[in-house]
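Heads up, the chain below is alone and in the form predicted alone; it's given as structure tokens.
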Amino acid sequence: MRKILKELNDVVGVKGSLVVTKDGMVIASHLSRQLQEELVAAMAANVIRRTRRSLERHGLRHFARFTLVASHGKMVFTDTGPAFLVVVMDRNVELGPVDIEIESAGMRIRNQGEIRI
């Protein structure tokens, strides 16, 4: 799984990626030195939890992908089954070309079989 994250991080504009459980436990990560794993994982878990709660309140079950755009960057959350692939990017990155790489990485993680927590 770490190899998949490393390859994803080679895409221009990607600062790091990690796989986290729905409650924020890090399964694997590959982040640039500017990013702290614990902080990114905590933020990711919070965003995932709150987004899922909001969707449930409106009668929606879950999300497959969610993109957060903030003043300092973007985060893409992709559901891979029991966990989420979280990708941190520069704010000015065009999602189109990177989106294909994120989707591919998500499918490869999903197809790796059971994720043990």
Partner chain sequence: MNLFERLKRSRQLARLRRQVKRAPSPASYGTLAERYIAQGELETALVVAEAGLELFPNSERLAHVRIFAKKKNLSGQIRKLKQDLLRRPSPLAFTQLAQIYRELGNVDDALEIASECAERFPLNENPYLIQGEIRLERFLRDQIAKDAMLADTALRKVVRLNGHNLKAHLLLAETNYLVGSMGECRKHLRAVLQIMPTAQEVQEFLRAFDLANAMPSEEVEFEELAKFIEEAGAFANPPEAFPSLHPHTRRAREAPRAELDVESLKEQIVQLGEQIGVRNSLVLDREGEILADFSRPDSLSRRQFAELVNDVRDTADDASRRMDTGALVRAEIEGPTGNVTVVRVRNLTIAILYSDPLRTERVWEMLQDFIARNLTTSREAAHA
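Nothing here was measured: the structure is a model prediction, and the numbers come from that model. Numbering follows the first chain given and starts at 1.
Although not depicted, the form predicted in complex with its partner chain is the subject of the following passage.
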query: Complete contact of Met25, Arg108 and Asn111 with its partner chain in the predicted bound form (any heavy atom, 4.5 Å); finding: no
query: Val11 within 4.5 Å of its partner chain in the predicted bound form, heavy atoms; finding: no
query: Lys74: touches its partner chain in the predicted bound form, heavy atom cutoff 4.5 angstroms; finding: yes
query: In the predicted bound form, Val98 touching its partner chain (heavy atom, 4.5 Å); finding: no
query: is_contact(Val40, its partner chain) in the predicted bound form, heavy atom dist at most 4.5 Å; finding: yes
query: Stretch 33-72: residues contacting its partner chain in the predicted bound form, 4.5 Å heavy atom cut-off; finding: Arg33, Gln34, Leu35, Leu39, Val40, Ala42, Met43, Asn46, Val47, Arg50, Thr51, Ser54, Leu55, Arg57, His58, Leu60, Arg61, His62, Phe63, Ala64, Arg65, Phe66, Thr67, Leu68, Val69, Ala70, Ser71, His72
